[in-house]
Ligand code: 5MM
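For reference, the chain that follows is the form predicted alone, supplied as structure tokens.
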């Protein structure tokens, strides 16, 4: 088994998932200010380190995606990657520099960050990272995502992935078809399939080892402004159909993004996917808000309440891990 495959297994096996704690300073500032907490380096580190030192890190979290600021920070003289690693969890790092307007397009985005990436990857490896993340975003409308957007982002993801594997790290491939809009689940299925197929065409072209990546896709859902009502079973069936038809079998690790779903909704949908899964894919979670939001609200009431905040986070992580095994039920949500 290759070193990359070993890292993948360590991150996503046995129901473990990924904590996406890679919010940019701007995004984290919005999150903190929304709960009445000042955003400064100390407060951002305080909240994140509260999660990183929780018991769930040993039992539920296989990997943590960090932001550039965080991977360079330390708490009580111990570096953040060391704190994460001592729990048997793998430190990771977001390496894209954000989505910018795609040339010759008004509304679509292209993710940037390839310039100087090889050198930055060497730095992050030295700092302790063993996997990375790059997010491409796609809008759905009558004319989007365009072929230009689909190809441009797939090409960037493939170039990124090849460089990451060259550096000895596992790339997370995150092609996110956004929930924004009034589209149906069926349209989401069609567009997500197009996006995924083109991504893997490019990954194969760039000779990326598919067994040494983690795919971070969206679930198949109707748009946030759609009036379509779908059950978790329908979400699971459409999502599994899409991935089975679009993702090569060499890919084992698939960690869903929450994409704006509420905590319990994201957990229930993941659970249903695993209950009916008949493929060889490992389906787990790579959640940001859907893992952190309740803990953040609790912490904001008293930022010194580390134990109470960790209890809230531990519960949410446990629910997600049960869902990754297909063992979650609604009555377990009552603490």
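Positions refer to the first chain, counted from 1. In this text, all values refer to a predicted model and were calculated from it rather than measured experimentally.
Omitted from view is the form predicted together with the ligand, to which the following refers.
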> Using a 4.5 Å cut on heavy atoms, which of 302, 27, 280, 34 is close to the ligand in the predicted bound form?
Replying inline: 27
> 198, 183, 133, 109: which sits within 4.5 Å of the ligand in the predicted bound form by any heavy atom?
Replying inline: 133
>> I'd like to know if residue 286 sits close to the ligand in the predicted bound form, meaning any non-hydrogen atom pair within 4.5 angstroms.
In response: yes
>> Although the partner isn't part of this model, could you tell me whether residue 222 comes within 4.5 Å of the ligand in the predicted bound form, counting any heavy atom of the residue?
In response: no
>> in the predicted bound form, does residue 257 come within 4.5 Å of the ligand, counting heavy atoms only?
In response: yes
> Do residue 191 and the ligand share at least one heavy atom pair within 4.5 Å in the predicted bound form?
Replying inline: no
> Okay, which stretch from 38 to 46, 54 to 62, 288 to 296, 306 to 314 lines the ligand in the predicted bound form, with non-hydrogen atoms inside 4.5 Å?
Replying inline: 288 to 296
> Which residues in 13 to 34 have a heavy atom within 4.5 Å of the ligand in the predicted bound form?
Replying inline: 20, 22, 23, 24, 27
